[in-house]
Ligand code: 5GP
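Shown here is one chain on its own, the form predicted on its own, set out as structure tokens.
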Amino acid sequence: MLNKIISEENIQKAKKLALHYDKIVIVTHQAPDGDALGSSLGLYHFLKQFGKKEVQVIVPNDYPAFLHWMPGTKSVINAEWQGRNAEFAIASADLIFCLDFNTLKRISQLENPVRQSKAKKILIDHHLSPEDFCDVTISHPEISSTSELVFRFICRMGMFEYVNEPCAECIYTGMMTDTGAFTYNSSSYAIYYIISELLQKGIDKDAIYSRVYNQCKEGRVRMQGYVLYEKMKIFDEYKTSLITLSEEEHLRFNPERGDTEGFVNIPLSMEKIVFSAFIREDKGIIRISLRSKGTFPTNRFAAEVYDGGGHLNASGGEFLGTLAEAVRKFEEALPGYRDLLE
């Protein structure tokens, strides 16, 4: 049995809205990752299986190629290419699910259409400090993924029977990717209980792992070797590693969206490294990815240094400046965290 994390009040409010309305839109954050897409498509398949015919998933921009296999991706509206369709769907919706983001600024160009929409809104998310813009807010930062929360939401409504295999595949993918294949933020027994339930729906977890992690192009493998050999810096006194990658360097390897996913985790395989950072230049924005082992709070570092956020062992942010400036901020901040890196 799953412990009851979501309040009964929120379950009943959200269930009432989900049952009442038929024109439903699901939106998630910019640069969708496995959890964003997994939770969104998992909920999509559940609602379709339940009998809702007008359900649409909308993403602000494209997602990594290694997620294109997921069932339902062909029906996703990409607002970057289909802006009018996205705005029309949002304006026509009776109910909007906001998944895997805590503030409307994280959905980029969809912010104003969603904010201005008169539709009822339900937030399901696991990030800290949610903005107050929804009729029902289901926010639990202690949970490892939004996909896990979607599963819990479905079960608490008493509708597990409507979880079909495509729904289960998407939820599992989100849970797997947001825990680094269950290598961090994944010590709760509930995660493995949920996995056992998803397996009963017919998912092949080994095949899902292979689709996500074993479909690399040659350029990505060569880039991984480059960043580890040429671009990784070790701060022995702080048990910290830093990988940097400029846009020019990235372009050498014929990049695809998402092909640097997971690079930040690799230095943590070294015994002495507790804290790992990956700072990458991307079309005028500097993207920050932070990971840690043990109790080092990457979310605190992200918030205090880059105005970012996340979870204890996995966080990130963005920096509006140069790559060199972002690196300098990182190096200048490290001494202030020495005690936490012991």
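One rule holds for the numbers: they count along the sequence shown, beginning at 1. Only a predicted model underlies this, so the values are computations on that prediction, with no experimental measurement involved.
One more form of this protein, predicted in complex with this ligand, exists but is not displayed; see below.
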{"property": "The unique member of 60, 64, 297, 316 whose heavy atoms fall within 4.5 Å of this ligand in the model of the complex", "result": "316"}
{"property": "In the model of the complex, the one of 121, 152, 106, 239 near this ligand [non-hydrogen atom within 4.5 angstroms]", "result": "106"}
{"property": "Options 65 to 73, 42 to 50, 269 to 277, 308 to 316; stretch whose heavy atom lies within 4.5 Å of this ligand in the model of the complex", "result": "308 to 316"}
{"property": "This ligand contact at residue 289 in the model of the complex, heavy atom, 4.5 Å", "result": "yes"}
{"property": "Heavy atom of residue 156 within 4.5 Å of this ligand in the model of the complex", "result": "no"}
{"property": "4.5 angstroms heavy atom contact with this ligand in the model of the complex for residue 250", "result": "no"}
{"property": "Proximity of residue 33 to this ligand in the model of the complex, heavy atoms at 4.5 Å", "result": "yes"}
{"property": "Members of 124 to 159 lying within 4.5 angstroms of this ligand, judged by heavy atom, in the model of the complex", "result": "127"}
